[in-house]
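As structure tokens, one chain now follows by itself in the form predicted alone.
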Amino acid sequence: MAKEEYTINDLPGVGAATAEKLRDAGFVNLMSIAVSSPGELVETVGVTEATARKMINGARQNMDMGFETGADILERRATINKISTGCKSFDELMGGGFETGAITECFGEFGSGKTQVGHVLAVNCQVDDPDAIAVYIDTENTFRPERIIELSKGAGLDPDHTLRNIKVARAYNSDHQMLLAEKVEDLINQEALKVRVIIVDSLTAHFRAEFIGRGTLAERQQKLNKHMHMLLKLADTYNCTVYLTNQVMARPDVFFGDPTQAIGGHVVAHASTFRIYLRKGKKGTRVAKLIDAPNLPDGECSFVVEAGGLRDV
């Protein structure tokens, strides 16, 4: 933890004007500076690289940033919450629900239920905490307030209150999408909102449209990697659930089995804490298959999307 009396204003090379620039750029506490790179501070605040390094070193010296024991981490994980999907089998698959402090990625073809899960999380995070806020970054014009009203009634919540607690922003390109993710920190720090869920639907739509051909692949992945790390930082720092939907492609070299593969490659796969493959099942059902988790076994479950939410088959 930071020393109580030590603030951003006490860092070497930081005067009143620089402190104000830091806060405007989202560097509101010592931790945000301690984990940043000199390049970030140079670009956003306009200080020299030498000053940026002094500021970062000063922040790190006044933070307890060394190693900690497994017991300490276990104690800290006691603050982790689970957001229920409303479907018992889906919750069991996820170890009790969607975990806070982590990124959960759902990928699947159109109509597999990715957006429905996003809407459900935006509503259900408010079941146990009426002050909880959901942030919905919409890249494909998929957010529907009418659906939120249906889900709210199904969860026994006031639809008007639920809608007011969901902050929606439409992203028009990949840069705008990344900027909106950074703006979430302002909602938490400057507007003092209790953000519990961040939904990005979908993660890769703009990146896929803007970066075409193999020649742009490296640039796209680098940009996507930066975006993922920003989202992971939000999840970890503010103990909120980050839910990403992802598009898929069909691999032409797969002759046996399911040729479906998620977009974004290893960058998205490695940065996601949990990965779920959604597909259409028989008789209008949906199948969720957990394919990657740090502490849960692989498995799958079936569920039905109804007016009131997700239900067991």
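In case it trips you up, residue 1 is the first one in the sequence shown, and so on. The model shown is predicted, which means the values in this text are computed figures rather than measured ones.
Below: the form predicted in complex with ligand GTP, not depicted.
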{"item": "Non-hydrogen atom contact Lys194 with ligand GTP in the predicted bound form at 4.5 angstroms", "value": "no"}
{"item": "Residue contact check: Lys223 to ligand GTP in the predicted bound form, 4.5 Å heavy atom", "value": "no"}
{"item": "4.5 Å heavy atom contact, Arg147 and ligand GTP in the predicted bound form", "value": "yes"}
{"item": "Non-hydrogen atom contact Val305 with ligand GTP in the predicted bound form at 4.5 angstroms", "value": "yes"}
{"item": "Answer range among 91 to 99, 180 to 188, 113 to 121, 230 to 238 for contact with ligand GTP, defined in the predicted bound form as heavy atoms within 4.5 Å", "value": "113 to 121"}
{"item": "Triplet Glu109, Glu140 and Arg286 all within 4.5 Å of ligand GTP in the predicted bound form via a heavy atom", "value": "yes"}
